[in-house]
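Next up: the same protein chain in two forms, each one alone, written as structure tokens (structure 1, then structure 2).
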Structure 1
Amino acid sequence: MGTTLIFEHVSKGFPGCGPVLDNFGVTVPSGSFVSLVGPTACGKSTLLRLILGLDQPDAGQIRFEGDGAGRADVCAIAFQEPRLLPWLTVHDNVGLVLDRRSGDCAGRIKALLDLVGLAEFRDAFPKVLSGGMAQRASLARALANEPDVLLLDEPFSAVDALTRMRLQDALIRIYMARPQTTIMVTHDIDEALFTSQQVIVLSTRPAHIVDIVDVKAGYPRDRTDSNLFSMKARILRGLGVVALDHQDGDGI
């Protein structure tokens, strides 16, 4: 069980917008939870697309190492936009991707919808869902088949602070029960520190790795842990947003 992702000198550009990823190299060990933080439009979603094989890198490669049959069966993603099929109900959207061989489909879908708090809306069409509800449906779909590699692109960007914390807790619970390789893109540094073992800080486009912060604390974590707070300062420094006067202790 488990899949290790190895990025080797991955570069990717798009015609008309120049290089997006430049010589990106990192190893995501099997069963680890990694967060990607970086300025907007630096290439985070592009990186996930490369992992999925929706785009091919211009140079370098992404290797999957593990007993899975290559990337074919191991990845699941919650895209940055929910991408629900408008003509399927929430229930059927999750059910569509569910592996038919996995036994009790109905029970599984119900459990997933309960998990993300959408049980009441199982028969609703996506057009009546709010942004955050759609995002949660998309998360339920990503979790449906218990993937070896879980890719999450800003999965909680559209939900309120409290729901977000509950979903983070749920995600950690799922992860602890079955530690799959997880790569989460987020703009929320607290979220990255609360959930992941490694936070990869990316630069502006073309994205390269500025810093890799290892978070050693075990799960479940304490949101008020002061060690996490010091790491937050380090990540912010990596992102280049900590003003000098702030570092001097004057505050803003």
Structure 2
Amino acid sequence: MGTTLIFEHVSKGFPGCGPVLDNFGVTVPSGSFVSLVGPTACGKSTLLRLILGLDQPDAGQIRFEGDGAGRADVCAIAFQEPRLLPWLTVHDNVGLVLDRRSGDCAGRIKALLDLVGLAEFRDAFPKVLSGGMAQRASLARALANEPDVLLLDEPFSAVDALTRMRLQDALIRIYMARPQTTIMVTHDIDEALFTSQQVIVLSTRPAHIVDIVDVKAGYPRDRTDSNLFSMKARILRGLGVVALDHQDGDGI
């Protein structure tokens, strides 16, 4: 299950903006969870657009290896904002992407709402949902067609810190239930380390890879794990941020 993504010397620029990505090359194995971290506007979201086929590389290519026939067939994305249709219930928003003529759509939607903890809100409209609940509905909708590649573009950036941690926990439960290839863009290094198996650190624009950090920890994870702290220091160094000595009593 899942699809391997292979980025081969991918470069991309835009008129008036200049080069955004420079010789980006990495393999994201099938079923792995990878996060992209880097400075603002360095090209992380551009990478997601290239994966979806919304933009094309100026040089290089992105190859899909696995069960899917093409990008539209294997990918789904959840954005920073839930983007739920306000005139549809939670149930109908989640089922919006499903072909009602095929399979047990009602059963599929019920299973997804159970998975994200929204079963009792199936008939609620988006206006009554909290920010965290709306993001859960957005995740359920992205998963409705069982994509082989799940793309997450800062999915929890608009919620408070406590809700964000709860959503991270929910995301890990979802991933453990169905470990599809997942690529998440985030500015939150703690979030990347808590959720991902690998963190790709990008430079300023035009972005290239400055480090790849393998997170050798299983799921679920302990947020206070000292090994995560040391990896955070490494990522900060890759981003050009000086990490203070923890033994001096200072944080990062």
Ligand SMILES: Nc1ncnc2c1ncn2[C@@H]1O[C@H](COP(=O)(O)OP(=O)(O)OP(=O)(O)O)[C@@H](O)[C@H]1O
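Fair warning: this is a prediction, and the values are worked out from it, not measured in the lab. The term rigid core refers to the maximal set of C-alpha atoms that superpose within 1.5 Å between the two forms. Just so we're on the same page, residue numbers count up from 1 along structure 1's sequence.
Undergrad: Which of the two structures shown, 1 or 2, corresponds to the form predicted in complex with this ligand?
TA: Answer is structure 1, the other one does not fit.
Undergrad: Please check if residue 138 moves between structures 1 and 2, taking a CA shift of 2 Å or more relative to the superposed core as movement.
TA: It does shift by 2 Å or more.
Undergrad: When the two forms are laid on each other by their rigid core, does residue 149 show a Cα shift of 2 Å or more between structures 1 and 2?
TA: Residue 149 C-alpha, core-superposed: shift of less than 2 Å.
Undergrad: Please say whether, between structures 1 and 2, the C-alpha of residue 182 moves by 2 Å or more once the core is aligned.
TA: No; that C-alpha moves by less than 2 Å between structures 1 and 2.
Undergrad: Superpose the two forms on the rigid core, then give the C-alpha shift of residue 83 between structures 1 and 2 in Å.
TA: Superposing on the rigid core gives a C-alpha shift of 4.2 Å for residue 83.
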